[in-house]
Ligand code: UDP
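In structure tokens, the next block holds one chain alone, the form predicted on its own.
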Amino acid sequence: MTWDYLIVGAGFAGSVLAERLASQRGARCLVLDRRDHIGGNAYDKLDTAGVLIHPYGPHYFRTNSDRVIAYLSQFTEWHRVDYRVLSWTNGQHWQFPINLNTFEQFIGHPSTPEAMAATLAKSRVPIESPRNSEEVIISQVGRPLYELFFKNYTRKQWRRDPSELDPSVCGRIPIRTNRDDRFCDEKFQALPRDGYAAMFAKMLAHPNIEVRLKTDYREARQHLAFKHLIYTGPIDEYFDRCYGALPYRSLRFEPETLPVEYHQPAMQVNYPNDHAYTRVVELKHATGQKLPHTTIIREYPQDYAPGLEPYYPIPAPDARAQYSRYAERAAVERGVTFVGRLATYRYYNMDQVVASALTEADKLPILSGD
């Protein structure tokens, strides 16, 4: 059998493309993934205690795209939730992202949006065009709040100083002078009602799609006939790291089930200045699961090495320059389309991956099997 599309990776990018090509064009799609499950890093499951967890770190779905909402809503109903995060430092929980409540904790007495705005205006370091993550935050709130919440957290997460990272790394965190304590600004914030794994299963259930798990595409492709390859894995791996290994950050997760209904006061508590882990996630706060026990997951950033998962491309000028050499090769690679966070070496949110995959599906060549 000759497949129209061989798709490497069963995460958001690969699954969206497989579904679109199969349902809209009647294309025959074979999806390969070397893990033992679909869904990529967004995969979720019940742990041994029956608690729904995100084994690869929390995936808080949010978007402003009506197109993305409409598309994914074909495969899931939603559990609407406002994601709320706290930050633990100086011996107390702080509201985070920075808002009027955080500011009142910082100054030790009640305040107003006007007073907060005036104080921040005095604290800011005037930088017209911030060039990195340190500059983008100190230009908004000044150095004291930057050092309290951002500086060391970013160093732990990326093993680089914020001054070495693109403005978007810290700049994606909102700063507010009102009492809005939600972690995200997007209009739509929700989790798939029955979980991500169930959503992906419906997405890939089309009769023209076959999924093979625990399968390495390098070995499998030698025995397969296909017309076009869609690759969503690390781009440097595809090209045998001919320009050197691209830098990534990996993660280690430490789950613990506890005999209490809730362990911490929010779904996520950041630890910018304490401990080796960056955050502790208790997903029950977001899912609304009713159980007398709970599971928390401590998240430890670590250096990437072969055998580990490359979770995050490094959003920094030197990494981007190295990637550009791979991008030039990818642009002229015949019969291959590179899609997704790892294949395009970009720090995407989930909705951005979905949107790019939907756009790419419209661009892909029409094959004889369509």
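Numbering starts at 1 and follows the sequence shown. From a predicted model like this one, the values you see are computed outputs, not experimental measurements.
The same protein has a further form, the form predicted together with the ligand, not shown here; the description that follows concerns it.
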Does Tyr312 make contact with the ligand in the model of the complex, using a 4.5 Å heavy atom cut-off?
yes
So in the model of the complex, does any heavy atom of Tyr248 sit within 4.5 Å of the ligand?
no
So, Arg172 and the ligand: in the model of the complex, are they within 4.5 Å at any heavy atom pair?
yes
In the model of the complex, does Phe226 come within 4.5 Å of the ligand, counting heavy atoms only?
no
The one residue among Thr295, Gln189, Thr154, Thr76 placing a heavy atom within 4.5 Å of the ligand in the model of the complex is Thr154
Among the candidate residues Thr287, Thr102, Asn208, Asn270, which is the single one with a non-hydrogen atom no more than 4.5 Å from the ligand in the model of the complex?
Asn270
With a 4.5 Å heavy atom cut-off to the ligand in the model of the complex, the contacting stretch among 106-114, 68-76, 257-265, 164-172 is 164-172
Tell me whether Tyr304, Phe338 and Tyr345, taken together, all sit within 4.5 Å of the ligand in the model of the complex, counting heavy atoms only.
no
Sequence order please: the residues of 34-50 with a heavy atom within 4.5 Å of the ligand in the model of the complex.
none
